[in-house]
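Presented below, as structure tokens, is a lone chain in the form predicted alone.
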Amino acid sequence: MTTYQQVLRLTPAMSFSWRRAQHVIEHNVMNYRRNWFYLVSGFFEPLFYLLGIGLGLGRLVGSLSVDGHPVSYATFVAPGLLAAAAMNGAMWDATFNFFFKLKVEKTFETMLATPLSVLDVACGELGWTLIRGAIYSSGFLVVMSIFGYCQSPLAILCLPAAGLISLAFGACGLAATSFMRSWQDLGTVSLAMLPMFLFSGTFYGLTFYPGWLQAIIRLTPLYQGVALLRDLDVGVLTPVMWVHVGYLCLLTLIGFIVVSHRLVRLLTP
């Protein structure tokens, strides 16, 4: 039986696997019990961007338009930084921490000596990336509300939407990390995340970019998340939002299948 067939054979048990995967999540919680500051520290980076660029540069830029709704520059930037917070929260544990447990500490091999399965490990690690992304996102959304950057009651939907962003990046981060062989390989993660952060419509609308670059940006997962959160923040519901949701769901599914396949190969004798 091929590893791909093994993953497919395990898939129908996913609902039960999520219950067992709670033990994997608990392991991550225990690891951060004494280092809780590192768990929440990533929240401050987008906050500083919001205060430094959104408020400072916003005085020079003035107001912008989101689907015909005039908003301040800080209000325009805030949903983009919320999407970036969801991405960063998920990617940190899906890359560096996951690599350490997989290649250095051999944590998963120890877990598989218990009744836990490979699918339990994959579900648990993905669930933990969602939790960390949700911690960043919920904190940042509270800040947006305090500063008055939530323009519509629909802004509350930004939280589950940010969770979907965390799932998509978490699944892809886990999948990509499973192919990496050394710490140096993790440098490619930063190489991919930084351009997405700067060019995914986070700070400027797509109309500021040339046409060929706009087409590339529209294909990036962070842009899909930024566009989704920005529309929800101003209360605009369009059919295009379902395209964003479908894109992120598909990315999550593909990433989860790949990382499950890879863990079967790496951890199963």
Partner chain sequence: MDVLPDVIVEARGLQKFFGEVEAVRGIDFSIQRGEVFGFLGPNGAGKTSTMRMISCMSPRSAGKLLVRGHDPAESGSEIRRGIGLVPQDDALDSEMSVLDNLHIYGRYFDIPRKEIRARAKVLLEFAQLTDRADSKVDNLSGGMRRRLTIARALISRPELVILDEPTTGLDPQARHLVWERLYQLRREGVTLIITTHYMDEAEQLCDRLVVMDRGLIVGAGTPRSLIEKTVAREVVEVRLDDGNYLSLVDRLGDHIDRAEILGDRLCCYGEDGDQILDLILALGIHPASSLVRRATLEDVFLFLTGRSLVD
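Numbering follows the first chain given and starts at 1. Not measured: the values here are computed from a predicted model.
One more form of this protein exists, namely the form predicted in complex with the partner chain; it is left out here, but the text below deals with it.
In summary, among the residues Ser145, Ser182, Thr188, Thr110, the only one with a non-hydrogen atom within 4.5 Å of the partner chain in the model of the complex is Thr110.
Contact annotation: of the candidates Leu116, Val71, Ala134, Met193, the single residue with a non-hydrogen atom within 4.5 angstroms of the partner chain in the model of the complex is Leu116. Shown here without its partner, the chain carries Arg20, Glu105 and Leu267, all of which come within 4.5 Å of the partner chain in the model of the complex through at least one heavy atom.
The partner chain is not drawn, but in the model of the complex it has a heavy atom within 4.5 Å of Asn31. In the model of the complex, Glu26 approaches the partner chain with a heavy atom inside 4.5 Å. Between 193 to 201, 116 to 124, 155 to 163, 76 to 84, the stretch whose residues reach within 4.5 angstroms of the partner chain in the model of the complex through a non-hydrogen atom is 116 to 124.
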